[in-house]
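Just one chain is shown here, as structure tokens, and it is the form predicted alone.
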Amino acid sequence: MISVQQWNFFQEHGYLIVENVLSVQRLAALREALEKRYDLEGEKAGTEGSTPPGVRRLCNLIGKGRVFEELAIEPIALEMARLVIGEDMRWQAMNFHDPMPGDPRPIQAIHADRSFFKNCTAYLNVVWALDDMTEENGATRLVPGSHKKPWPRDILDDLKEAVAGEIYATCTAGTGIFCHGDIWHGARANLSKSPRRVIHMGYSCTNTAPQYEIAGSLTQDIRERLGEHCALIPDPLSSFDLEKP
């Protein structure tokens, strides 16, 4: 599914935007499932991971609905993850991120995902756009080619300021944005009046701890549905040295 031209672009720039991956029907099912789950979790929503101010969050989504299971094994995502990481790779996280319309607080420091995870040698973040992403509503900022540079925290003084060469990953709903684990990027505030919902799906090498307990959250029924894809389930958190990198 990934063409030679797309792979070459990714290797050069550190990201790839592929539109029209998720159908209108699938987007509707994901949005509905997320809203129901957010209401169900209430004040606990997102607490397995991080809960930045001004953002509706849900974390550890793979075991929280069939639509999330299916997204975790989306063929184009698995293909890209294997190209970036290798055949022996695992799920590392699946999180919902929804910066509240009109709230200026959700401005994320520019960062490289791999820098957060001890012993991580390869990482891929897939940003699934559930709504159109525009400059006004907070399309993710990316710095093309920055995956070939040191991590931003090591060389920048202000991680929330604009960076020379950065772009906004504007795209239509249903798009997958594939981000190299070392590319500089950051979420932005939604200054529009409409939602800008995304799901972040992380894939990593096998020696990278998941962001939370994924293995223990998956029921036997889920594992039976996943079949051979159970190979993507990371080891339990207890098997990792969880000191910071």
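Please read all numbers here as calculations on a predicted model, not as lab measurements. Counting begins at 1, following the sequence as shown.
Unshown form predicted together with a small molecule; subsequent notes refer to it.
Colleague: Just to confirm, with a 4.5 Å cut-off on non-hydrogen atoms, which of 187, 218, 205, 30 contacts the small molecule in the model of the complex?
Modeller: Looking at the other structure, the residue within range turns out to be 187.
Colleague: Of the residues 62, 198, 209, 34, which one places a heavy atom within 4.5 Å of the small molecule in the model of the complex?
Modeller: Comparing distances to the small molecule in the model of the complex, the residue within 4.5 Å is 198.
Colleague: In the model of the complex, does residue 97 come within 4.5 Å of the small molecule, counting heavy atoms only?
Modeller: Heavy-atom contact with the small molecule at 4.5 Å: present for residue 97.
Colleague: Please tell me whether any heavy atom belonging to residue 92 falls inside 4.5 Å of a heavy atom of the small molecule, as the geometry stands in the model of the complex.
Modeller: Close contact is absent here: in the model of the complex, residue 92 is far from the small molecule, nothing within 4.5 Å, heavy atoms only.
Colleague: Is the gap between residue 175 and the small molecule in the model of the complex 4.5 Å or less for some heavy atom pair?
Modeller: Residue 175 lies outside the contact set for the small molecule.
Colleague: Tell me, yes or no, whether residue 108 is in contact with the small molecule in the model of the complex, where a contact means a heavy atom of each within 4.5 Å.
Modeller: Answer yes; at least one heavy atom of residue 108 falls within 4.5 Å of the small molecule in the model of the complex.
Colleague: Based on heavy atom distances of 4.5 Å or less, which listed stretch (179-187, 22-30, 66-74, 36-44) is in contact with the small molecule in the model of the complex?
Modeller: Only one stretch qualifies here: 179-187.
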